[in-house]
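Quick setup: one chain, the form predicted alone, written in C-alpha cells, and binding and motion questions come after.
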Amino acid sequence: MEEDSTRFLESVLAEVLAHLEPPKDGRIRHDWSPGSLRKTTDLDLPLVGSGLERVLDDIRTYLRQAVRTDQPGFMNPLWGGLTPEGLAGELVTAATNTSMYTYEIAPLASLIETAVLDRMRQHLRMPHGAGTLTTGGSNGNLMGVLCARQAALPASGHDGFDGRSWCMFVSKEAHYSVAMAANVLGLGRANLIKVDTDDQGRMDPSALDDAIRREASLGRKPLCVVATSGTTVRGAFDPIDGLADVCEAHGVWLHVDAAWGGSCLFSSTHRHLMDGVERADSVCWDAHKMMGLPLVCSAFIVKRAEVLRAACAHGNEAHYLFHDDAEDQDLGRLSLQCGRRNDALKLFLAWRSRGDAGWGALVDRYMDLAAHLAERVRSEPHLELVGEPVWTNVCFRHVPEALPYLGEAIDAHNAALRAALLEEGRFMISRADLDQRVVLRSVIANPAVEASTLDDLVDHVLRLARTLPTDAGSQVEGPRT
C-alpha cells in the first residue's frame, strides 16, 4: 500500500477511536431537521476528486453527526453498543473483501460460517439441518416462508405459485416482515391471518387451531405458521410447544422468528422461553441484536437441509461459479444471495472470546437490568408499567395528576414526552402502541447500559414530564385510530 494511503487509514482509525470516547456534551443525538442538515453539510459529488484529505474531513463530519449507538443512553431499537471483537471482525472482513458463494474464493470463511451455524443448531437442539447467514430477521422470515412453500409444493420454484388458495398464520404482535414475505412470495397480505393473543401478547394455540380450520372451510390451505420468540414491542414469546402440536396435527410448516429472542438459549435461567423450538422446521436468529455484533449478522437455520437446498437451486445454473466437485462446500447453494459478505468472522471471533458462558452471563445481566428498570417504574407514582416484562423490553408511560384520565390526553402527553426526550438528546428510547396505549419502550441490548443509566433515564423522564403543558394533546398529533 502506498504511504499516503497508509497514513490516511491510520488517521481514520484515530478518528474512530476518538469518536468512541464519551461525548463531552452528553448528547447521543443532535436534533437536526433533514433540511437544516442538508444546508450545513456538503453533499455534492464532484466531477474531479478532492483527494484523501477531503475524505478525512468528510469522515469527521459524518462522525460528528452520527447517532451515538455505542453510548449507554441508546436503548431505542433491538440492538446497540459496540464490542471490540465485532469491530475487529468488520475491519478484517472489509480488508480481505471476499464473497461467500464458493469455497474456492472463501475457504476458511466458509468453514467458519459452517462452524458457527452448527453451534447455533446445537443450541436449538437440532442435530441435523443446514443454514445460512442472511441480511437480517426480515430476510430470515422470508426464507422460512420460502422453505415452507418448497416443502408444500416442491415444483413451485419452477412452475410458479398461485397464493390465493393458500394462507399463513402469525400472531397479532408479529413483526411486519412476515407481511413483507407474504407480499414477495405472491401469497398476498390478505392471506396473512393474524391470530389472537393472550393477555401477555402470546399467540393462542387454540385460536390458531380454530383459524386453520376456519380457513380450510373457506377452501384455503395452510402454508405455514410463524411463531415469534421476542416480539418487537412487548418482547413476548409465543408458546412453541403448543403451536407445534397444532402444526403437527394439520401438517403445517412451523417457522420461529427468534431474531430478537434467540439469545435466551444461552441462559440456563431463561432458555425455557423457547421450550419446544427443536420441533420447529426453521428458525431465524439475529446475532446483531442481543449478542451485540455489528449490523448485520443474522442466521437462518432449517431442520431439513434438502428443502433449503431445493429452494435455492436457482444457483445451479451458475456454471461460472458452482461446480459439482465442490457441491458440499459452496455455501452459495444455500443462499438467496450471490455476492454475500463474510458476516461470520465477527461472530466467530466474539464467540471465541466469550464462549457460551459469556453469552449466557450477558443475557442474565440484561434481564437483571430490565427487572431493575421495571421495579423503578413501579416505585414512581406517576409512572405506569404497561405489561409485565418477560424479556428486556420495558414498556411504561407517564400519567400525571394534572391530566384527566382519558386515553387520548395521556397518549398525547406521552408522545410529547418522548419527543422532548429525543430533542434533549441524552437518551433514545422508542414510542410504540401497546394495548391501545402510547407507551415509552426501552430495550436493553447495549453492553454500556448500567443500573445507574436506567435510574438516570427515569429521572430524565420525570423531569421532562414536569415541563410539558397539560394541554399537550393540542401540540402533538394524537395516536392513530
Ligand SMILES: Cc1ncc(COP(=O)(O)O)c(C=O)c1O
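Predicted model only: the values in this text are computed from it and were never measured. Residues carry their position along the shown sequence, with the first being 1.
Not pictured, yet referred to below: the form predicted in complex with the named molecule.
Using a 4.5 angstroms limit between non-hydrogen atoms, D257 touches the named molecule in the predicted complex. In the predicted complex, none of the heavy atoms of A106 sits within 4.5 Å of a heavy atom of the named molecule. The named molecule is not shown here, and in the predicted complex it never comes within 4.5 Å of any heavy atom of G131.
Interface residue remark: D286 is counted as part of the site for the named molecule in the predicted complex, having a heavy atom within 4.5 Å. Think of it this way: in the predicted complex, the named molecule has a heavy atom of just one of L78, V246, A409, L362 within 4.5 Å, and the residue is L78. Just one of P205, G136, P72, G163 comes within 4.5 Å of the named molecule in the predicted complex, counting any heavy atom, and that one is G136.
The candidate stretches are 230-238, 197-205, 80-88, 369-377, and the one lying within 4.5 Å of the named molecule in the predicted complex by heavy atoms is 230-238.
Residues H175, S177 are the members of 169-208 with a non-hydrogen atom no more than 4.5 angstroms from the named molecule in the predicted complex.
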